[in-house]
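Take a look at this single chain in structure tokens; it is the form predicted on its own.
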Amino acid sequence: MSAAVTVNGRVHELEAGETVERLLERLGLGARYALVERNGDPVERAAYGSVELAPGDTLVVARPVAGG
């Protein structure tokens, strides 16, 4: 069985040692503007590059939209 994480309800393969930042880049989401929750806990944007993902993690990724 391969290692995977769930992002917004969709399963994605997990690369060895992958961080939140790297996954966002791979998915084309851009870490700069993404808000991430991992297993129900918010991830600080400053930690995206150091938080390693584990098989089975569930992430919710949102991109805030400015409006007025």
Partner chain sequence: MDDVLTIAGREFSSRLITGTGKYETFELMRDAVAASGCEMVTVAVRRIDLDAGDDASILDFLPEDVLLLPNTAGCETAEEAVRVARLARAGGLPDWVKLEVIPDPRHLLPDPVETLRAAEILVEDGFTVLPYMLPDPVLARRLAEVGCATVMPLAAPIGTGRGLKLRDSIRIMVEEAEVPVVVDAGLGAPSHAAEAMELGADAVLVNTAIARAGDPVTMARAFRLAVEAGRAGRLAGVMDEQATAQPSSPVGGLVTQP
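Residue numbers count along the first chain shown, from 1. Small disclaimer: the values here were computed from a predicted structure and weren't measured.
The form predicted in complex with its partner chain is left out here; the points below concern that form.
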Glu15 versus its partner chain, in the predicted bound form: is there a non-hydrogen atom within 4.5 Å? no
If we define contact as a non-hydrogen atom of the residue within 4.5 angstroms of the partner, is Glu44 a contact of its partner chain in the predicted bound form? yes
Contact test in the predicted bound form: Val61 vs its partner chain, heavy atoms, 4.5 Å: yes
Contact between Arg32 and its partner chain in the predicted bound form at 4.5 Å, heavy atoms? yes
